[in-house]
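Just one chain follows, in the form predicted alone, and it is written as structure tokens.
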Amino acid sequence: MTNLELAKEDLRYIFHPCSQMKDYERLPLIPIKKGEGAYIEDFEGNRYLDCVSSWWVNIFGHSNKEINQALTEQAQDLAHVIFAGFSHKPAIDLSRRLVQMTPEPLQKVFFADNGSSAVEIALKMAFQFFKNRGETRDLFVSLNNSYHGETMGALAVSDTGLYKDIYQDLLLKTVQAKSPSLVPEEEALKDMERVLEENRDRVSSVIIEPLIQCAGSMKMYDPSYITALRSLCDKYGVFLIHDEIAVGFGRTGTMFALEQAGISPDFLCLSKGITGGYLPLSVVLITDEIYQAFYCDYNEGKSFLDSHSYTGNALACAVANKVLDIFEQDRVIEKNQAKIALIAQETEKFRKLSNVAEVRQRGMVCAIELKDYPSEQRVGLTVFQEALKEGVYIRPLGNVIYFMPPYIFTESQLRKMIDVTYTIVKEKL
């Protein structure tokens, strides 16, 4: 079948995510037949360099032979089993490795199957921790411009109106503090302390996306804010939740963003890159103190009873273990430093363009923010369409073009990604 035939069949049945379906009347849907390495390929043989890692998940390329083998081997033994009352070696191995890789206070792992669910688990645990002690702390604090997912709890602690506003009447009680990505760090910290002081004994936790607010136009801030925030949370007796779903597993230049701040959160939410883009999986790492708050006789009513059908899926855990193997064996974090430097060097030329407002980078994530264009002009759509003509897949966030490539990109592929985009910004906008 041709791309057009498949697209028509698709649109007869499927409601796509993060889409205005009417757009597909003039914006052709692209059916993908296969992925290989850094490329995805449609049914007519057109290949596209995947510069956004297929929504930030595919860190070691499509159809990775090592991951394929791990998945195949695990499928011969066990695909899935209920995770209440049962366990399996892939989950045990993965949990041990994650605990060993993260700061010592994080000692236990709770499994789920997607990033939003991980955030929900952290919020529920934080609330119930205090409830188990006889306190009702019904407020969560997050940052302006934040995004934590699209289930109701995750959406409540987000601050992206496009996704959130219509559901406002249904959401949890939350308070937003100023973001260090939008205002000076000192001002952001003062505002956070004001929020915690004004809501003393009502706040259970503060949740942040450390270093990069990804869906919030890739706004970035320094690790010193996180270090100071950890002290504020300790001062006011509230938990710190790190949502590293998008920025974990090397995106910021270190394995986890928390390393750059030299702190440990009380909750660490991980997903996306954990399986290299192969299968849904998420985890929440917690401290032993939090774990002990739920450890009791069943009839005491203090158990944490969150559950998901695919919790601890054996296939996903086996793949995640192989992903960690690749990080270790290939010295990925170390080798990425040269790629980080290359991206910085090659994007410097954007700063000289009159229609570019800012170039910012944190590790393997780089954003080119264009100066104001009318929203109806949909300049991001123009960039997307023009780049496709050159075999490059980029998915801007409004007026912000960003690069979040797989770590397997070669130097020439990184240059092509940047050069194609530069030509479009300079000559087509």
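When you see a residue number, it is the position in the sequence shown, counting from 1. Model, not experiment: these values are computed from the prediction.
Keep in mind the form predicted together with another copy of the chain is missing from the figure; the text below concerns it.
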>> Although the partner isn't part of this model, could you tell me whether Q176 comes within 4.5 Å of another copy of the chain in the predicted bound form, counting any heavy atom of the residue?
In response: no
> Taking heavy atoms and a 4.5 Å cut-off, does D266 contact another copy of the chain in the predicted bound form?
Replying inline: no
> in the predicted bound form, does E334 have a heavy atom within 4.5 Å of another copy of the chain?
Replying inline: no
> Is there a non-hydrogen atom of L429 within 4.5 angstroms of a non-hydrogen atom of another copy of the chain in the predicted bound form?
Replying inline: no
> Of the options I82, A357, A338, A344, which one has a non-hydrogen atom that comes within 4.5 Å of another copy of the chain in the predicted bound form?
Replying inline: I82
>> To verify the annotation, which of these, G248, G153, G216, P210, has a non-hydrogen atom within 4.5 Å of another copy of the chain in the predicted bound form?
In response: G153
> Based on heavy atom distances of at most 4.5 Å to another copy of the chain in the predicted bound form, which listed stretch, 346-354, 182-190, 308-316, 257-265, is the contact stretch?
Replying inline: 308-316
> Which residues, if any, of 146-182 lie within 4.5 Å of another copy of the chain in the predicted bound form when only heavy atoms count?
Replying inline: Y147, E150, T151, M152, G153, L155, L162, Y163, I166, Y167, D169, L170, L172
